[in-house]
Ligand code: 0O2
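One chain comes next, on its own, written as structure tokens: the form predicted on its own.
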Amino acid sequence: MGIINWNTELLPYEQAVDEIVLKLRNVQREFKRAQVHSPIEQVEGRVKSIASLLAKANSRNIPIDNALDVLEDIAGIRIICRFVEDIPKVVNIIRSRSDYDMKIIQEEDYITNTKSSGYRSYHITIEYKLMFENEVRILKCEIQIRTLAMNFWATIEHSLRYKYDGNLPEDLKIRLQNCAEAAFQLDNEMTTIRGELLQAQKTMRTQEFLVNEIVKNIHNLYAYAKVEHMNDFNKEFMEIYQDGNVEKLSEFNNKLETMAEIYNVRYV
């Protein structure tokens, strides 16, 4: 076995992670541009450190020179959702790309089939095709999909396993299992108020859109129509904004747009 330059060998994995994260964040933006709830709340990516890679290969009795071919989670993507109901939607998004750029080779549902430790997550192993140094490469990547509560628990559990070298004291195992159930109950409770939360988010998006439109209209009326008393419009806008009434914001914006039409204002 020759000397392996791990930093060089891991470069295509870094590129794959960067590309996949970017693509999934673009999917998230598409939902936001459509002003609908995005099942993707956060996207993170990482490439295993050399130490972590070697430790896993050693624990599974994998020859070091075969590690890159055998290990499936050297490149890792984590997708965080707000609600448990979002997870199947994200899974379907990945499945819809399977014939394109993220070919699914394995799925593992640790939400329905919770691990004894309390761990919950949905894992998808994919083959990702990329161009690296003018050569087509196909790399395996593990995608983990979980809620905010599941991710919080998993992060803490992972840190504790690292501290105790995988041999957690029995009392700590029990406490972590209890915490996992508490996190799951939190997810269930969030499901019951999901409708109200989504309505609140929709109202906030509508308010943000109206504020942007009002500011743009006030600017255009002042810059191109030279309308007098613009300070009065600014004062009225601030009073309505501070009141927090979305309906009044909409009415005020309609008034500004009518004036813009009368003055034949061009938009910037």
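From a predicted model like this one, the values you see are computed outputs, not experimental measurements. Residue positions are given as counts along the sequence shown, with the first one as 1.
The same protein also exists as the form predicted in complex with this ligand; that form is not shown, yet it is the one meant from here on.
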Contacting member of 219, 32, 60, 235, with respect to this ligand in the predicted complex [4.5 Å, heavy atom]: 60
Single option in 115, 137, 95, 173 placed near this ligand in the predicted complex, where near means a heavy atom within 4.5 Å: 115
Location of this ligand contact in the predicted complex, chosen stretch of 178 to 186, 149 to 157, 194 to 202, 85 to 93 [non-hydrogen atom, 4.5 Å]: 149 to 157
Contact label in the predicted complex: residue 48 to this ligand, heavy atom within 4.5 Å: yes
Residue contact check: residue 56 to this ligand in the predicted complex, 4.5 Å heavy atom: yes
Residue 161, heavy atom within 4.5 angstroms of this ligand in the predicted complex: yes
Contact label in the predicted complex: residue 127 to this ligand, heavy atom within 4.5 Å: no
Those residues of 88 to 115 which, in the predicted complex, come within 4.5 Å of this ligand by heavy atom: 108, 110, 115
